[in-house]
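As a starting point, one isolated chain is supplied in structure tokens, in the form predicted on its own.
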Amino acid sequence: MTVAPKREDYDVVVIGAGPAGLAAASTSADAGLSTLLLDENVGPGGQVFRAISSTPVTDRNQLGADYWVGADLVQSLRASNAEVIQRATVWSLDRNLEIAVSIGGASAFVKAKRVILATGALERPFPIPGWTLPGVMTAGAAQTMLKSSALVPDGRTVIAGQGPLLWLLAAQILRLGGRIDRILDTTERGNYFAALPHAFAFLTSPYFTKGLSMMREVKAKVQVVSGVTELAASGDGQLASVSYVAGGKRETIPADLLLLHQGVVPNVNLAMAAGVEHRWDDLQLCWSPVLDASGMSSVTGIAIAGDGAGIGGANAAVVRGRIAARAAVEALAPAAAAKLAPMAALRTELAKAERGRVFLDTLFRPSPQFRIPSGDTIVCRCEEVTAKDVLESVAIGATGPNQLKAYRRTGMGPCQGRLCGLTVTELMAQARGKTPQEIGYYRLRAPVKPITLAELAAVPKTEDDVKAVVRG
């Protein structure tokens, strides 16, 4: 592992060391292309394979076989000639394929002939009353602590929401001896009927047997309440209780920890800031980049792989990474492409990995009341803007997320819209009787991650740069 880029330009720069990034970087490097992999975490793996090289959880059964696939991907990467830099914050990417990255408190710029974005996914916002209270976390945050430090809850714990990750996290917590008092399943009953036409593909996919086994494992040990239609967290400066409605009955239970999850969505900030065209996905209810069959975006030279290209899961992400890397090899070193798996074989593998996805997306489609809040529920955590504030701004003329910035500063805090962007789009679309596509999203610009003036000041300067400032 290196601590600063060894050169100023590369054939391929991969951003993100999750499943797609690991596969893409090793593939392009093995084909002989100069390859740089930039990742902001301490070690490779992304969220799916978080801490794969350092986790204190050594019993492979506790995290499951799928997690340990990441060890093979990391080994392949390290056996390649790819240059890898961890703790690297990429804060800018432009149409000229120039990347700005901060490493160790100093920023640098590198150029690429091809960029493969493998920035993965974010958890979908889950804006309920009380979701900003201490003691309320996302399932992903809890899983990060579990994988990185083997930390599991020991107090009164409630998990609420829906989706495969919810059940995986519950199983992992239980295997490590953690405590779960109740699971509140928010899956709409109507979703089961809507998903039926896609059931056959799901039954023949790798998801089915794994998912069924995991749910049985959890349900044997934890009380699961299905059909939850309302959810709120309460407490005076700290979570004390969780109230919910199921079957028309309201119940309040004491809780020290509430873990929320209702699926994941593509992490689009860097791609949008680079000018990549995105479209609203009505099935996955999120923004997804417009890509061709090889993952190439609307910006020449920028490809997107993994869940950042649309949620498909870890297996699909690995294949998408290899497809994007192979396309880069075909463009930059056609002769070397013969050493790689044929593109047709990769596409067949991708279709297999994606089988059953539509069933999952339909079954676990989040309910409107858990996506589009009302009243005093906070929408923008950074600026403490409520749903009522947003609606009042719409009433006096705010037409979209960018105009809303001027009224309420939504999306202008440290997260730069990652925790409120989808909510704001859907809330404004509902209020104005428009589609999310018509309402649009925040206009994103560099820096897409918070950086300090010291990091900018540390950018290497030429003599001409110094003279230009002196003359000014």
Ligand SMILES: Cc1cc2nc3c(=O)[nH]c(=O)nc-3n(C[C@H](O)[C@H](O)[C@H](O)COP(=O)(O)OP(=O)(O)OC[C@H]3O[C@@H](n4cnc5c(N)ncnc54)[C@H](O)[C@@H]3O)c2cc1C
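Treat the numbers as computed from the prediction; the structure is a model and nothing was measured. We number the residues from 1 along the sequence you see.
There is another form of this protein, the form predicted together with this ligand, and it is not shown here; the text below is about that form.
J.: Taking the partner as it appears in the predicted complex, which of 397-405, 173-181, 112-120, 247-255 has residues with heavy atoms within 4.5 Å of this ligand?
T.: The contacting stretch is 112-120.
J.: Can you pick out, from Thr187, Gln143, Ser297, Ser393, the residue that has a heavy atom within 4.5 Å of this ligand in the predicted complex?
T.: So the residue touching this ligand in the predicted complex, by this definition, is Gln143.
J.: Using a 4.5 Å heavy atom cut-off, which residue among Ala82, Leu168, Val385, Ile128 comes into contact with this ligand in the predicted complex?
T.: If I apply the 4.5 Å criterion carefully, the residue I get is Leu168.
J.: Tell me whether Gly163, Asp361 and Pro366, taken together, all sit within 4.5 Å of this ligand in the predicted complex, counting heavy atoms only.
T.: Spot residues vs this ligand: no contact at all.
J.: Indicate whether Asn267 is a 4.5 Å heavy atom neighbour of this ligand in the predicted complex.
T.: Taking the distances in the predicted complex, the answer for Asn267 is yes, it comes within 4.5 Å of this ligand.
J.: So, Leu231 and this ligand: in the predicted complex, are they within 4.5 Å at any heavy atom pair?
T.: Result no; Leu231 lies far from this ligand in the predicted complex.
J.: Check Glu40 for me: does it contact this ligand in the predicted complex (non-hydrogen atoms, 4.5 angstroms)?
T.: Heavy-atom contact with this ligand at 4.5 Å: present for Glu40.
J.: Can you check whether Val242 is within 4.5 Å of this ligand in the predicted complex, heavy atom basis?
T.: Looking in the predicted complex, residue contacts with this ligand do not include Val242, since no heavy atom lies within 4.5 Å.
J.: So which bits of 302-332 sit within 4.5 Å of this ligand in the predicted complex, heavy atoms only?
T.: In sequence order, Ala305, Gly306, Asp307, Gly308, Gly313, Ala314, Ala317 come within 4.5 Å of the partner.
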